[in-house]
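Below, in structure tokens: the form predicted on its own, a single chain.
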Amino acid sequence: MWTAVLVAGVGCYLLKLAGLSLPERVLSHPTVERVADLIPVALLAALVAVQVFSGGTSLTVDARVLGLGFAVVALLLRAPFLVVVVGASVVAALARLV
């Protein structure tokens, strides 16, 4: 197990070093900047989709979808983050009670 941890640590360090070693002209290219801006959004969306729609090895639709729906509507209405999180959890909890 420690071998895997050490190998992963060295791999992460080398990946970080590779990113820092890129020339400035590559990093300032508009396409690279645009992709770098969108990657975190895509990763977070993928994490949310997996957490909401996965049930082991199958797709599930349950109370979590209602909570996600509330969060999407609240975000579209530009509600504060705390309202989004608490509201989504309350909606999911109420849906599970029913």
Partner chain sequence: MSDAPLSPDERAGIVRDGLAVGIATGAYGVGFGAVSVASGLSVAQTCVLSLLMFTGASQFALAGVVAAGGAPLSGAATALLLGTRNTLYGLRMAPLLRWRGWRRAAAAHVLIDESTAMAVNRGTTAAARLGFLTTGLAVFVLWNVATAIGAFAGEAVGDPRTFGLDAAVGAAFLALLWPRLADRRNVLVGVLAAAVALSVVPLTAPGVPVLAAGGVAVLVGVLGTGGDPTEVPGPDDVAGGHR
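Numbering follows the first chain given and starts at 1. What you see is a predicted model, and the numbers here were worked out from it, not measured in a lab. Here, rigid core means the biggest group of C-alpha atoms that superpose within 1.5 Å across both forms.
What comes next is about the form predicted in complex with its partner chain, which does not appear here.
Taking the partner from elsewhere, A46 is found to have a heavy atom lying within 4.5 Å of its partner chain in the predicted bound form. The shortest heavy atom separation between M1 and its partner chain in the predicted bound form is within 4.5 Å. The closest heavy atom approach of V61 to its partner chain in the predicted bound form falls outside 4.5 Å.
Within 4.5 angstroms of its partner chain in the predicted bound form, the stretch 84 to 98 places a non-hydrogen atom from each of V84, V85, A88, S89, V90, A92, A93, R96, taken in sequence order.
Positional change of G55 between the shown form and the other one reaches 2 Å or more at the C-alpha, relative to the superposed core.
After superposition on the rigid core, the Cα atom of L38 is displaced by 2 Å or more between the shown form and the other one.
Figure legend: C-alpha atoms of V35 and L76, shown here, are separated by at least 3 angstroms more in the predicted bound form. The gap between the Cα atoms of L77 and V35 is larger in the predicted bound form, by no less than 3 Å, than in this form.
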